[in-house]
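A single chain, nothing else alongside it, follows as structure tokens in the form predicted alone.
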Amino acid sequence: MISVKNAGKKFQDQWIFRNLSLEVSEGDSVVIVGPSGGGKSVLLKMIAGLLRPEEGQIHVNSQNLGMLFQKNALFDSLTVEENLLFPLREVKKITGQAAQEKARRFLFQVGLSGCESLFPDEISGGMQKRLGIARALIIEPKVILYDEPTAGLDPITSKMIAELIRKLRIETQSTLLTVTNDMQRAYQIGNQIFLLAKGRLTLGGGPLEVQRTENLELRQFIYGLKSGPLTEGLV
């Protein structure tokens, strides 16, 4: 479903990563964790087609792709309902009563019924995140990319958002690729968890395998250790 082969990306002659490869099969839920600034969001944007690789190839076996951005990327000047009507009109060419009925059905799914006429700055951060998820899903994508879907949320709301992502993946039979720094949410969402650090992508395995891993980089990241291979040479 998603194939990344020997991809490389740089900014101003500084390589973020090179020779990076990843395969995500249809129906999988893959999570990538790793230190901030290691290229997780860059990789996600490359897969979405928002950034071009300097090297390698990226292929997504579907034109039907949705993405939840870290900052939600909501339209502040549009109401909650209008934020869903926009992609229906622009992507799916659905308008009128059919669009409104679909928008309200998705708002119900994410627990935002009754908020249709509110603006994004009038709802909480958790509600904004749920709205972002509804907007990503309303075009019924086969592939969904989540960029830090629980960033900035309290632990209870974070757990609820991750559970919503799991629930909707089962209902829609979609393929997920998520990047996050929250290991608890990684365990909750992912069937396979990878570590992206120092320009390398390392497979940790399923949640139980990751928790028992002997990989020193992964162990340092999971347990937040000051000393280890991820911080060698750093002051």
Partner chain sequence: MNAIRTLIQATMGFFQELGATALFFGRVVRTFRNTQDNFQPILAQVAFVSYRSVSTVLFAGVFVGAILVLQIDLILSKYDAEIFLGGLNTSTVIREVGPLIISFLLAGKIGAFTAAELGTMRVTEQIDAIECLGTNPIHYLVVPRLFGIMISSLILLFIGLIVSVGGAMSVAWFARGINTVEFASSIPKFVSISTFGAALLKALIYGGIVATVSCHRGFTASGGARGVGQAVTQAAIYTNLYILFANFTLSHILDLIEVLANSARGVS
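Note that this is a predicted model, so its numbers are computed, not measured. Residue numbers count along the first chain shown, from 1.
Keep in mind that the form predicted together with the partner chain is missing from the display, and what follows is about it.
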Inset, instruction - Within 4.5 Å of the partner chain in the model of the complex, counting heavy atoms only, one of 166-174, 40-48, 200-208, 182-190 shows up; tell me which. - result: 40-48
Legend entry - Proximity to the partner chain in the model of the complex, single hit among Leu153, Leu74, Cys115, Val110 (heavy atom within 4.5 Å): Leu74
Legend entry - Glu101 within 4.5 Å of the partner chain in the model of the complex, heavy atoms: no
Inset, instruction - Evaluate Pro87 for contact with the partner chain in the model of the complex, applying a 4.5 angstroms cut-off between non-hydrogen atoms, and reply yes or no. - result: yes
Legend entry - 4.5 Å heavy atom contact, Lys129 and the partner chain in the model of the complex: no
Legend entry - 4.5 Å heavy atom contact, Val60 to the partner chain in the model of the complex: no
Legend entry - Sequence-ordered residues of 50-67 touching the partner chain in the model of the complex, heavy atom within 4.5 Å: Leu50, Leu65, Met67
